[in-house]
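Single chain ahead, by itself, as structure tokens, in the form predicted alone.
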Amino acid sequence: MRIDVPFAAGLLRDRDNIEILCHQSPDGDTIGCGFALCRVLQQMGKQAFITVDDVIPVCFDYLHPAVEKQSFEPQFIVAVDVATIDMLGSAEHIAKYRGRIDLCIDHHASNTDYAKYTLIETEPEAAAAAETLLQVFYAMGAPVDALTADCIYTGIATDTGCFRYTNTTSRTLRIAADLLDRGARFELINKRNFDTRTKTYSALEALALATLNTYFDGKCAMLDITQEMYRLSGSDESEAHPLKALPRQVEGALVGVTIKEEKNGTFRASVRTNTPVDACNICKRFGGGGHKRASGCDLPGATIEEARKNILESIRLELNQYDGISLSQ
């Protein structure tokens, strides 16, 4: 059932013993929302904790002091920035929560309505789930202190590419200004997320960029991330997130794709596009989704070459929708 901000605020005011779910391969939006919601609930005297079926990247370690560790049997379960239940993690983790999630606060148009109640703002469309979550806090009359502002700013800044992407609206910028007024440490957060790279990440980036290729007369750029690259660089999957943005930065590319080999030998694509191409359409053909400019999906294929062939065919079909784009692979 789709709900509005006041309804979601009422649910959170009335419930206690709340578990908060973030998605696998956690980014700044899901983690920022998770920590922000947990902190606000704890400040209101409620019990709350966060569950992530993955490693939280070290770049978000400044958020940990925002919440206290608590342990209890949850009575109300909330997912934040999770478009589909399959994004939660392993098959065992998904099975544990299937049919049990009470509330989802999200901003993906492709949300599958797996929760009992789903909040997604459409007018204006939220740049990040954190933007919508802040509206819920305002409706609850909840405290938004400096540490909470850090969490919300993290979600918004990372999902807008530090306010560079087309999902940034005038409301997004006004919210960011309000968060700075409330004490958000924007300089620290921007440096950690956009201007700091570990040595192991740098080694991983070099290996991944060596696989960069272009297709369709340069309109698509693609790179690979394999488990062997993690081993050679000393990095891990928690450091791979910044690589998703690199292929789209290639001059002339309308579509940027990062194919990531998972631990179980399957493959996942992260698709980023420039106007007018719809990334969500590309990923929907494989059961994935997200936004027009940023989406993801699992890819069929026993090898990375097969996975690449499959995503390229979907990209070809999508590019064929636009007048004036002629293709040769």
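For the two forms, the rigid core is made up of the largest set of C-alpha atoms that agree within 1.5 Å on superposition. What you see is a predicted model, and the numbers here were worked out from it, not measured in a lab. Residue numbers run from 1 along the displayed sequence.
Keep in mind that the form predicted together with a further copy of the same chain is missing from the display, and what follows is about it.
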Checklist entry - Looking at E73, E251, E92, E228, which is the one with a non-hydrogen atom within 4.5 Å of a further copy of the same chain in the predicted complex? => result E251
Checklist entry - D178: heavy atom within 4.5 Å of a further copy of the same chain in the predicted complex? => result yes
Next on the checklist: Please determine whether K96 contacts a further copy of the same chain in the predicted complex, using a 4.5 Å cut-off between heavy atoms.
Outcome noted: no
Checklist entry - Does a further copy of the same chain come within 4.5 Å of any heavy atom of L173 in the predicted complex? => result yes
Checklist entry - Any chance T118 has a heavy atom within 4.5 Å of a further copy of the same chain in the predicted complex? => result no
Checklist entry - Among 38-46, 25-33, 59-67, 274-282, which stretch sits within 4.5 Å of a further copy of the same chain in the predicted complex, heavy atoms only? => result 274-282
Checklist entry - Though the partner is not shown here, which residues of 153-176 have a heavy atom within 4.5 Å of a further copy of the same chain in the predicted complex? => result Y153, C162, F163, R164, Y165, T166, T168, T169, S170, L173, R174, A176
Next on the checklist: Is the shift of P124 between this form and the one not shown large enough to count as movement, that is, does its C-alpha move by 2 Å or more after the core is superposed?
Outcome noted: yes
Checklist entry - Considering a change of 3 Å or more, are the Cα atoms of P124 and G10 closer or farther in the predicted complex than here? => result farther
Next on the checklist: I want to verify one pair: S270 and P124. Are their C-alpha atoms nearer or more distant in the predicted complex compared with the form I supplied, knowing the change is 3 Å or more?
Outcome noted: closer
